[in-house]
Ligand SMILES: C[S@@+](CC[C@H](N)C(=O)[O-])C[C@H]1O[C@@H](n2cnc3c(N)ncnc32)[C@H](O)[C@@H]1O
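Next up: just one chain, as structure tokens, the form predicted on its own.
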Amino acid sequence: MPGEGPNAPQAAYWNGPSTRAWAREHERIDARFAPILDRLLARAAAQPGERVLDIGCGSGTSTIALAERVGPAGRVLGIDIAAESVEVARRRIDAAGLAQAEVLLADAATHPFPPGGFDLLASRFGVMFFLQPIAAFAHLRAALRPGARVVLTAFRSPAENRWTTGAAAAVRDLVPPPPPPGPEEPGQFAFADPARVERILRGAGFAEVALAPEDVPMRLGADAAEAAAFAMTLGQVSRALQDAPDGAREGLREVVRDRLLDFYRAAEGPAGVTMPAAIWLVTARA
């Protein structure tokens, strides 16, 4: 089980109360990240009949999209450590009738994949959370055939991703966030440093490693009120609110909401609240 391996702390976190919204709110999350997934799918170019490994598949959107591309002759295996998200993914795959897709609740860093069993490794924001990333990627490389493609998306620096860090900064005096992880620790921005990403992948035996920066417009809500409500449901602000004392939380939420409204109104436009997500599109070969 994921909670028993080297990534046990991450398994505990992704199965805890602060992250269950990833399963409950998967439709809104998918809509937000849709332009990023589109870029990953275009670069991955999965072909009919290929075998694909989807790391950190969450509620299954990327797995379903890849399964549609490889067709009935192919196979897509999604893997995630969040039990509620995996259950959602399985229900969605069954409803779509995609027999070529499967989702496992497991730790990708240790799961016994068949050697050389995959033509493509893909991940939308699922690879920044390994406690021992070089060992994890070496393990994943053994699951790929020689020359297999790798296509990943990961966030660049916190300063370049104000859609999330700016909101947290706007309420820092009200709900201080926890200390950020160190540069070698797992987390949302663990792949921000391109030199570190290259060191990890080359250290795991991958070749032709390349990182392309992309700034992807992300629609955070139809208006500032929707964007603020979402920020209080999932992400840095919501986690900080959960740590507030029970008796003070409701009054604090009202003050935080007002502060977030001011922050997101500055990004309102005809298409709603739109801000860029600064990502790396990472590619490599096994």
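Just so you know, these numbers come straight off a predicted model, no measurement behind them. Start at 1 with the first residue shown and count on from there.
The following text describes the form predicted together with this ligand, which does not appear among the structures shown.
Visitor: So this ligand isn't shown here. In the model of the complex, which residue out of G74, P158, G126, P133 has a non-hydrogen atom within 4.5 Å of it?
Guide: Exactly one listed residue reaches within 4.5 Å, namely G126.
Visitor: Pick from V150, I79, L201, V171: which residue has any heavy atom within 4.5 angstroms of this ligand in the model of the complex?
Guide: In short, I79.
Visitor: Pick from 175-183, 159-167, 106-114, 142-150: which stretch has non-hydrogen atoms within 4.5 Å of this ligand in the model of the complex?
Guide: One stretch meets the cut-off, namely 106-114.
Visitor: Using a 4.5 Å heavy atom cut-off, state whether G221 contacts this ligand in the model of the complex.
Guide: Although this ligand is absent here, G221 would stay clear of it in the model of the complex, with no heavy atoms inside 4.5 Å.
Visitor: In the model of the complex, is there a heavy atom of this ligand that lies within 4.5 Å of any heavy atom of G56, even though the partner is absent here?
Guide: Because a heavy atom of G56 falls inside 4.5 Å of this ligand in the model of the complex, the answer is yes.
Visitor: Look up in the model of the complex whether W14 has a non-hydrogen atom within 4.5 angstroms of this ligand, and give yes or no.
Guide: Although this ligand is absent here, W14 would touch it in the model of the complex, with heavy atoms inside 4.5 Å.
Visitor: Hey, in the model of the complex, does N7 get a heavy atom within 4.5 angstroms of this ligand?
Guide: Output for N7 is yes: heavy atoms within 4.5 Å of this ligand.
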